[in-house]
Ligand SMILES: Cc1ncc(COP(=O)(O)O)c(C=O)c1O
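Next up: a single chain in structure tokens, the form predicted alone.
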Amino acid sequence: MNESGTRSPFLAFFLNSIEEAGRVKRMPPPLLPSLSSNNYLGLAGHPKVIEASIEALRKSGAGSTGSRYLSGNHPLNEALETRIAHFKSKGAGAGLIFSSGYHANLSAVSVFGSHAGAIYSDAENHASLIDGLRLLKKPIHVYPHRNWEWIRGHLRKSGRGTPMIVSESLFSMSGDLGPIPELLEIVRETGGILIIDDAHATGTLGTTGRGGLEHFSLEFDPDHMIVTGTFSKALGSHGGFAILGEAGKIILTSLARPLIYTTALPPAVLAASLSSLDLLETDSHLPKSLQTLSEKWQTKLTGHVSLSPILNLRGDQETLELESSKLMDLGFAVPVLRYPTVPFGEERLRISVNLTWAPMVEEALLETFSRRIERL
């Protein structure tokens, strides 16, 4: 506001436009426990992860002080790149660390999409993937959710080769799985490339938590795929990664502006991620326990048999608001997701199954959603 206390015409028009579009967002109460947390395995609060972070903080300070190309390339970056590449690809790929999963997706999609003959993106892909595609300023074919046959049909009609297909392995809003085997088959047949956003699948899917490829019993293919992800969900830390072939890593390291022009991750964060990987690699019960708990609550609240930890609860606006309000009265935050996070008419509650859930969480869920459970 100006000195007279009135809002400038520009800001007033801007604010009115987003209010009319239903796009005004507000932060949830900061101290209210969230049931939408992505801390699936509870590693964000694990004593070993915290201790590793504190030790690195004492040794190397609070910040990285610059981009990796200047002063921020702490040795822990390369150590983490080696570890995450081995964890996700069994050594078949090379790793590259970013300051966030958003940056990893933005970089991979915008860099490699620039040389693709045709680009296909799932209708429910994450905003970071969509924003990377927007940077290309090229025609993007948005295919119906999970409909790999649509892509085949379009490729036959268009006759354009070398496609780039972009899909999540575990979709962040709906909680369902991308058809990764079928998409991989398409890019192998056409000489294209598949970008797999494995953010929510890492630590949650596969017998040892290695993600979408392990879930589908697939091997990493450095010639036809790039796997991106984040340390900020099941691994309980922060930052993003891309797993690619050696040539792909050189290309991305050389051209990815979000990597080149962003301050590197602090050593304490890198150390926390390494510690989380240690825990996940030595305790295979973590992902198994999460999958068991996820299957239980998927059955109770959605009626689906699924190992996905993302519970997608649809309903009319009034019912969702009442359920969200009841959970808040019981001491838990689960906001109603609206446009543009989800399409108009597809409002929902998104609950993330979490190994840290206490009995009081389960009691609150049973009380709030008792009518849904009765209908199943």
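Everything numeric in this text was worked out from a predicted model, so none of it was measured. The first residue of the shown sequence is 1; numbering continues from there.
One more form of this protein, predicted in complex with the named molecule, exists but is not displayed; see below.
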| item | value |
| --- | --- |
| Contact flag, residue 205 vs the named molecule in the predicted complex, heavy atom cut 4.5 Å | no |
| 4.5 angstroms heavy atom contact with the named molecule in the predicted complex for residue 209 | no |
| Contact flag, residue 110 vs the named molecule in the predicted complex, heavy atom cut 4.5 Å | no |
| Non-hydrogen atom contact residue 196 with the named molecule in the predicted complex at 4.5 angstroms | no |
| Candidate from 239, 132, 287, 178 lying within 4.5 Å of the named molecule in the predicted complex - any heavy atom | 239 |
| The unique member of 172, 306, 82, 190 whose heavy atoms fall within 4.5 Å of the named molecule in the predicted complex | 172 |
| Stretch in contact in the predicted complex with the named molecule, which is absent here, among 227-235, 213-221, 150-158, 273-281 (heavy atoms within 4.5 Å) | 227-235 |
| Those residues of 112-151 which, in the predicted complex, come within 4.5 Å of the named molecule by heavy atom | 126, 128 |
